[in-house]
Every structure is written in structure tokens, then in C-alpha cells.
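In the form predicted alone, a lone chain appears below as C-alpha cells.
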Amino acid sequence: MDREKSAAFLKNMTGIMNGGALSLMCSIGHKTGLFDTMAGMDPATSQEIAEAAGLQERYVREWLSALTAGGVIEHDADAGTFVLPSEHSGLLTRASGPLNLTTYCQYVSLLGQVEDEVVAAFREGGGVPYDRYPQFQTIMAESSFQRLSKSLLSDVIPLLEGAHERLSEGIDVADVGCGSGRALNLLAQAYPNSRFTGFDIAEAAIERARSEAAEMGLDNVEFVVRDAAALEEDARFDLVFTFDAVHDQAHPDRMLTGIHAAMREGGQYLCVEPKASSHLHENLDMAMAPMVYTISTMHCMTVSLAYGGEGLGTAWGEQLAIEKLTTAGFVDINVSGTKQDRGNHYLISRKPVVAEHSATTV
């Protein structure tokens, strides 16, 4: 037995347990607004911080203790004060936009709610259905808002050659698996001459999308409750988006084939999916690899398997994505990305014109 190896693993396991616990504390800090309150605040006592946040001091004090022990918050024992360093707040507050990591800390408690059901699926097969995750859409909508509100118009649309000009003139656009519709509503507001349609199987998400569209006064966008694998649209759209929607589908090939059929010849398709390789060994140096595979096991993969699906998983990867896009009939596949979104691949392709002889490039 290698005692040094054993000691190193003990340290690693201790870090894993502490990290899981601190994720819960960071989630609470996000939901209660404690991080937002402390950002830019001078060193203060637990009572002062609790009063500023409108919370109970005893809970705030224990929360501060946990995060001080975890190196997130700094404590002056002599003065009895706590402070959130500016070097830390840039990754913990709503003002940080897509860099706010506390949004993702919420997944730890969310996924923990279905742990026993996932364990049962390990033994019996099948999976955990989508309706067992009532808060998942809410967290996804929040993370999408953080990312897309800052990058969709400035960084994403420029990736698509000629898209800004065509959207300004007026084209038909779809978001398949649109969730709460944040992306489509932003686009509909920015491009009033174009027409937008969002599809999602979750009725609650579609209702939220419709409500937001109404609040924004949009009349060029509609949202439809429909399975992404059963679009049944014929050559209707010039531009189609999917944002992190393919990998947890029960039948991704049907979805991609349906998107291809729904597009007009020469139309563009932007498929945004988690940034990963299809090969495990190429993901081991990825900073969030454990989180990605955990979310896959506890949500994306098991939801697909619950409906007799393929169970692609979150880290299905660039290589398999290209293969499936090619099989569905897309050409000129290009993999890109944005500075604001370091966790996703942006796969850009198009539907060929009939009789066109164009080699697919990667």
C-alpha cells in the first residue's frame, strides 16, 4: 500500500465533501442576496450584514462562518467583522452576469432531491422523468438570462454570416427547446421586422415565455407547446437556434432531422451545446468536468432514458455532435464560441440548396 497516495486521496475526499457543503452555502448566498449585499460593503459584523440584507442574524452568522472556513469570505477576529473581497465578488454576484458561479451552485441541492430515484434507475434501468425537476427550468432561465442578455446580440449573432442584415430585413426564426423564451424575446425585440417561433414541451416554460413577451409588448413572436422531436414543420424557417437543448432529448436524431425539414434551403442552424469532447480522456483537464458529468447522470442522461431515449448525456461532445448534424443533412459545419460563454460550443451549419455539391467542413 502506498501511504502517500492514500493520504493524498484522503485530502482529495475531504475537499470533495467540503466543496459539496460549500456549494449549498453559496446557493443560499445567491438566493438570499447575501453576496450581492456584501459586494462593495466595508468590513461589517454579522448583525450589520444581516440588517443590510434584511435577514436573521443568527443564520447569517453561521453562513458567514461556513464561508470563512471555506476561504470565500474573510474575517477579522479582533474586530469581529467580515468582508467579501472584490477579487471574489466578481464570481459570486448577479452583477457578474455569466461569470456568476453561484447560479450553478443551485444545481447541487436541486439534483440531490432526486438522488434516490436515480439510485433506483441504476438498479432497475429507465430514468427520472422531466416533471420530477420542477425548478430546473427556473435555474436554466436564470443562467440563460445572465449569459444571453450580455452576449446574444453582441457576440452570438455576429457568428452567423449575414444574419444581422437578414434579421433586420425580416426572416422567419425558430428556437427549438426554447424553455422560458428569453433568447427569442430578446431577438424579437431587437429585430421587429422578423418573425419568431419558440417550441418547447414544457407548458409552464411556454407560459413564462408568453408572459415575458406580453410584458415586453412583442407582437412578432409566438410560443408553441410541442415536442422538439416532433416538429412537423415543412421548409418554414430561415434561421433556427437550439440552446443546450439537444443533448437531453430522448430522440436527438429525430429532433435534428425535424429541424432540417423545418428549414428553408440555405437556412442557417446554430446548435449551442456544452463544450466537451466525445472522449472522456480529453475532458479530464476541463475545470468543470466533474460537475458536467454529475449533472448528466442526475438530469440530462436520466431524463432521456426515462422516455426510452438514447441518453446522450451532457458531455456528448463535439465529435458526436458533428456526426449527428452531418447525418441529419447539414453541411458547412463550423465549431465556434464566444468570450462571454466559455462553457459551450457554438456549432454553425446550414441546410444545403437542392443539387448543391458542397463538402462539409469542420
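Heads up: residue numbers just count along the shown sequence, starting at 1. Being a predicted model, the structure only gives us computed values, none of them experimental.
One more form of this protein exists, namely the form predicted together with a small molecule; it is left out here, but the text below deals with it.
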> Just one of 158-166, 130-138, 260-268, 209-217 has heavy atoms within 4.5 Å of the small molecule in the predicted bound form; which?
Replying inline: 130-138
> Taking the small molecule in the predicted bound form as the reference, which of 190, 201, 79, 284 has a non-hydrogen atom within 4.5 Å?
Replying inline: 201
> From the list 174, 92, 73, 228, which entry has a heavy atom within 4.5 Å of the small molecule in the predicted bound form?
Replying inline: 228
>> Please tell me whether the candidate spot formed by 144, 243 and 249 is one where all three residues come within 4.5 Å of the small molecule in the predicted bound form (heavy atoms).
In response: yes
> According to a 4.5 angstroms non-hydrogen atom cut-off, is residue 178 in contact with the small molecule in the predicted bound form?
Replying inline: yes
